[in-house]
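Shown below, as structure tokens, is a lone chain in the form predicted on its own; questions about how it binds or moves come after it.
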Amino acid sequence: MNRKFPHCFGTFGPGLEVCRVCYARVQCQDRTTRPRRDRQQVVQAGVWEGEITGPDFELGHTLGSGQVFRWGRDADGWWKGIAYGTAFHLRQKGDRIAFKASAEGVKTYAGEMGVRDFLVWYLRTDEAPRVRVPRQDRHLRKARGLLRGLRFVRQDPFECMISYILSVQAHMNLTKRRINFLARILGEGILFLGERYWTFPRPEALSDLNGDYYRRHKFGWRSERVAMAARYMAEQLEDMDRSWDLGVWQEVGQGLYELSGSGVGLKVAKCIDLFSLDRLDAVPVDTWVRKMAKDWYGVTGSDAKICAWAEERGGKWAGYMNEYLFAYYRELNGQTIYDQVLSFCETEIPSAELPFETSG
């Protein structure tokens, strides 16, 4: 059946008043009994500057490896992004990372931290992985040497969950565009150093959007899965009296994996575990990992079989072992420079998608 959408269903502009049907024009308010969202506020942020140290740490390898969707390197050489509701500019020289931040403190599931402590925690600059290389494994030896300094950032769990549901069978830049779109229509604006960033929406905000809305904005077959996952997490927020610490988020992640139709299968669940829930022994298996396992190690079979092989082989550092091999294999076989972490970091070209708009 062809559903009739409001005439403004596909429009969007920063600063517009929005309703709960199409998030575009206030005139649609009479089409729904849900309350209209207030005019989107854009907060003029201050600037907090400083630096942290990162011995044996590489900012480009970390933020350019494909694990995060709301960071990019700008033409001015700074890595720019937004994490836990705070906008950042980061740049590395030697073992020092200069930063500019839009807030002095950052709230996380581990508590509120000063911006320096947050960046150390978020980037894991003080946690060097100890991946051992079997004597005969020349591929891993080469990959570990080239990608030394890479870390898994501690992403916001809800943003990570939605991001990886959207990432299934979608290339990196398309996923970034979809995530940035959700932030623009439902997040809070931050004006920072002449650029406009948006916080990621909370679960209760995304839960108001149904599959029809996502389909209208060309989110494809993932549309209903995003809506279902957001509703599930919004319900969990209402039902739980406990603080949302890491243990609670791990329970929610497991619940999404067990929830039929949520879009969280084995690969997405492992990505969530590895990139936001401190499970550094998790191994996500995608097309690149399947090809790498077959070509370099002769391992074939289901994703679950490859995952079990890699996790047993790598032990508590299996996630890092797999990421080294994944990134190196993609470096050798990727078709574009954006697939190639090492080559991209050696250039001065900006990222294809950046998480902000220039304030005009």
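Predicted, not measured: the structure shown is a model, and the values here were computed from it. The first residue of the sequence shown is number 1, and the count goes up from there.
Separately, the form predicted in complex with the DNA exists; it is not shown, and the next lines address it.
Is there a heavy atom of Lys267 no more than 4.5 Å from a heavy atom of the DNA in the predicted bound form?
Yes - in the predicted bound form, heavy atoms of Lys267 and the DNA come within 4.5 Å of each other.
Is His139 close to the DNA in the predicted bound form, meaning a heavy atom pair under 4.5 Å apart or at it?
Flag for His139 set to no.
Should Lys316 be classed as touching the DNA in the predicted bound form when contacts are defined as heavy atoms within 4.5 Å?
So Lys316 does not count as contacting the DNA.
Look up in the predicted bound form whether Gly220 has a non-hydrogen atom within 4.5 angstroms of the DNA, and give yes or no.
Flag for Gly220 set to yes.
Mind checking whether each of Thr108, Pro203 and Ala205 has a heavy atom within 4.5 Å of the DNA in the predicted bound form?
Zero of three within 4.5 Å in the predicted bound form.
Could you check which residue among Lys80, Arg225, Arg151, Arg154 gets a heavy atom within 4.5 Å of the DNA in the predicted bound form?
The option sitting close enough to the partner is Arg225.
So which of Tyr213, Trp121, Trp288, Phe99 gets a non-hydrogen atom within 4.5 Å of the DNA in the predicted bound form?
Flagged contact: Trp288.
The DNA isn't shown here, but in the predicted bound form, which of 292 to 300, 306 to 314, 60 to 68, 46 to 54 has heavy atoms within 4.5 Å of it?
Looking at the other structure, the answer is 60 to 68.
Taking only heavy atoms into account, state which residues of 170 to 189 are within 4.5 Å of the DNA in the predicted bound form, ordered by sequence.
If the 4.5 Å heavy-atom criterion is applied to the DNA in the predicted bound form, 170 to 189 yields Ala170, His171, Met172, Leu174, Arg177, Arg178.
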